[in-house]
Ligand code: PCA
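Before any questions on binding or motion, here is one chain by itself as structure tokens, the form predicted alone.
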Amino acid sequence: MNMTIKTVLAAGAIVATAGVAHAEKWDMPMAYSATNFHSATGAEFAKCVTTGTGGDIEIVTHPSGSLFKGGDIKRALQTGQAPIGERLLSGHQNENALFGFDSIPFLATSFDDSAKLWKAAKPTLTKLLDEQNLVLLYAVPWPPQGLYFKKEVNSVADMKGIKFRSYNTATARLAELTGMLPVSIEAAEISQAFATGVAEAMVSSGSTGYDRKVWESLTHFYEVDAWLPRNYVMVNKDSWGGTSKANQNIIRGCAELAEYAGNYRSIQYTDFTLNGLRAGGMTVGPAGEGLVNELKKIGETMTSEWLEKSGAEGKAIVDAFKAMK
């Protein structure tokens, strides 16, 4: 993999030096910490573009919400405040339900199914983003989502009244249907929220919990493989239109490498981070059968609600996905 990237970088640099334009600096806001695998993948993508274009375009990443907070990144890209950035689009389900296709509970619960669902949804998402002045470059899935608590939980009844960190419409709705209290908290604020008691639980991947050392505040992680949401890297369409075709091709090539590498990292990171949670002192394992069955019933409710909100386009995505299985 490393040799492949180096080969592409070298080839890109040779091509780029054939016609160097004046250099542009593209600041790239990202919501997650620099150590998170999404941010690491984004940093390598930025280096690939910078080297591949011979410095025509220098991409500088800004992780941890340091340039724009997670919830503000998409708007910053649409309005040209930043030319490129990464965002969890399911955080914008309230804007358009289609952005939440990857957060339908228990629809795609494995990496293979996530890839099929993305193949089914990509044309629709690409068109939707284009209408919003954005060009989609690549998308990388998170590991399967599990439930974090600061106590043992064996049923939905055990969740009542717990303050639950939400990051999109789906997680807020999950909290409501389980009797928990949704609290909107950005990724960069997770550690402080748990340490101060602002939140007491969340649904997220092992990766997020490991990066934020949540074992300092939480005690249990239940593997329920609810869904695999994606992070997306996008470019402002005006910035993209002002880029030469040669450099657009190099950026696309770097994006393909980043998507491949990010997906590979996500798979490899899954077991690594769950072992990291265990090493931190957390109890990690599958949820009990009773809890899983209760959650799947809630998932059916949420799926019906999503299909109603997303209309014919949403149904087409789900139908296309099911046809691949």
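The numbering used is simple: start at 1 and walk along the sequence shown. Here the structure is a predicted model, which means the values were calculated and not measured.
This next part talks about the form predicted in complex with this ligand, which is not shown.
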Please tell me whether any heavy atom belonging to S114 falls inside 4.5 Å of a heavy atom of this ligand, as the geometry stands in the predicted bound form.
no
Taking this ligand as it sits in the predicted bound form, is R165 in contact with it (heavy atom to heavy atom, 4.5 Å or less)?
yes
How about L174: is it within 4.5 Å of this ligand in the predicted bound form, going by heavy atoms?
no
Contact test in the predicted bound form: Y32 vs this ligand, heavy atoms, 4.5 Å:
yes
Give me the residue from F221, W142, F194, F101 that has a heavy atom within 4.5 Å of this ligand in the predicted bound form.
W142
If you check A226, C254, L88, M234 against this ligand in the predicted bound form, which one has a heavy atom within 4.5 Å?
L88
Using heavy atoms and a 4.5 Å cut-off, decide whether T270, T273 and V284 all contact this ligand in the predicted bound form.
no
Counting any heavy atom within 4.5 Å as contact, can you tell me which stretch out of 125-133, 198-206, 76-84, 243-251 lines this ligand in the predicted bound form?
198-206
